[in-house]
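Single chain ahead, by itself, as structure tokens, in the form predicted alone.
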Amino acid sequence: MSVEWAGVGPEVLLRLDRSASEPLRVQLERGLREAIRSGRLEAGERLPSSRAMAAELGISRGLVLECYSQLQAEGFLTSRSGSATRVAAGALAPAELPVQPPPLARPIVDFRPGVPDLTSFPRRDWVWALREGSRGATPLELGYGDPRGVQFLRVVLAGYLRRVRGAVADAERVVVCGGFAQGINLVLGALSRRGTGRVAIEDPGDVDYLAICERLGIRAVPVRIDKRGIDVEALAAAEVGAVILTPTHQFPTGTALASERRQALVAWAQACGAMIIEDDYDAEFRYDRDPVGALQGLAPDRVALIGTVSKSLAPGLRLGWVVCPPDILEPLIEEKRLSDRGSPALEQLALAILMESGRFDRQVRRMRQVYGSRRDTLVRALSTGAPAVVLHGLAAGFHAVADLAAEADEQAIVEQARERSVGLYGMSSFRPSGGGGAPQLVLGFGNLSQTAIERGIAAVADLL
């Protein structure tokens, strides 16, 4: 093996390996880049002339000139006629990143709410649907199409939402998006641009809304939730232009918005010209009766309905939709166009085929049974290990709320459970107002086997 070394500056060596398959010029360029990036060659430092470098390395001068020219084009070197080649002032060694603390070990049993069973994704059905979608995809569908999404999926989604969610939906008002996160940003962005400066959020609820609203220049106003859903009188007093709700299965309390409050909420929105943003959170999974219809069906001109397949299939698909009221449809479509030019087409086609074929409905029915069994396991485990704990919010979804004793220290229980490698989550972490409340735990069971649920509860039963 023939290897040449060259001294280019103080304690700086370049190594060329003639037996390697990589061209010598590429090796030389890489060596100089690494020397500059690491700080071994400092800004302004003079490099040998091309003739001297070539002689020291035993290579042609033309090869060195090509290397210097390439690194000058990339901004690593600078040179003027009649002057030496030097390290460019902007090519400094990167600042050291701050040392990050090691991540906490993941709990062996994690009752994190909002996570579906990630092992039950219908892989064979999805692969089949992707294959069918790829086979039939048209040139128009594979290009820069309608920002709202593939027409085929929007038609199928509109039919599904009318049939299953009782929504007032047509393909023209459906916008496909990258999950709920993009959907809520699109809706809030459209509202902000038309002058909405205050938006109500549920308390307790998703605390991420605080950060999302702040980024958009909107003030998020927490409004309390009770056993019948959001307090509409408190909402009216908040003087907001919109409200974000999970009316079918409130997150995290698990309650459903009472019928009279649905009517009062719609009346408030119509009287004030306000917008209701409906998060159709895990609405498909109801155990005591058919799923409650979407609030959007009562006032389609005042409600923006956001849904996803994150709970019914998997969050990693990043597929969701917004059924838009006419007032914000055009600005929302334009925002979608500017943000990403549209969602991935093949995944949209696969979802449309999955829904149209009936396989999507079959998957939801199957998972409803799986989650129902896990819910029953949680109830049994707590009734045996911690009979004083009261559970509620069990009629739908895959999380429950556990009421602890009035004198219980919610945070201490969460921390002690973590020491036993069990992930518990206190209700206080879901209060955007930061206000106190009765000590409670939010117990997710969607991504836990029945054995894991039993083992986890047994490990912390004495704490509860």
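Small disclaimer: the values here were computed from a predicted structure and weren't measured. Quick note: we count residues from 1 along the sequence shown, nothing fancier.
Below, we turn to the form predicted together with a small molecule, even though it does not appear here.
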| Applying a 4.5 Å heavy atom distance criterion, does R193 contact the small molecule in the predicted complex? | no
Contact between L346 and the small molecule in the predicted complex at 4.5 Å, heavy atoms? no
- prompt: With a 4.5 Å heavy atom cut-off, would you call F152 a contact of the small molecule in the predicted complex?
  reply: no
Worksheet item: Does the small molecule get within 4.5 angstroms of any non-hydrogen atom of R362 in the predicted complex?
Response: no
Which of 173 to 181, 235 to 243, 323 to 331, 354 to 362 lies within 4.5 Å of the small molecule in the predicted complex, heavy atoms considered? The stretch 173 to 181
If we test each of T253, T308, T248, T85 for a heavy atom within 4.5 Å of the small molecule in the predicted complex, the one that passes is T308
Students should find that, of R337, R228, R318, R224, the residue having a non-hydrogen atom no more than 4.5 angstroms from the small molecule in the predicted complex is R318
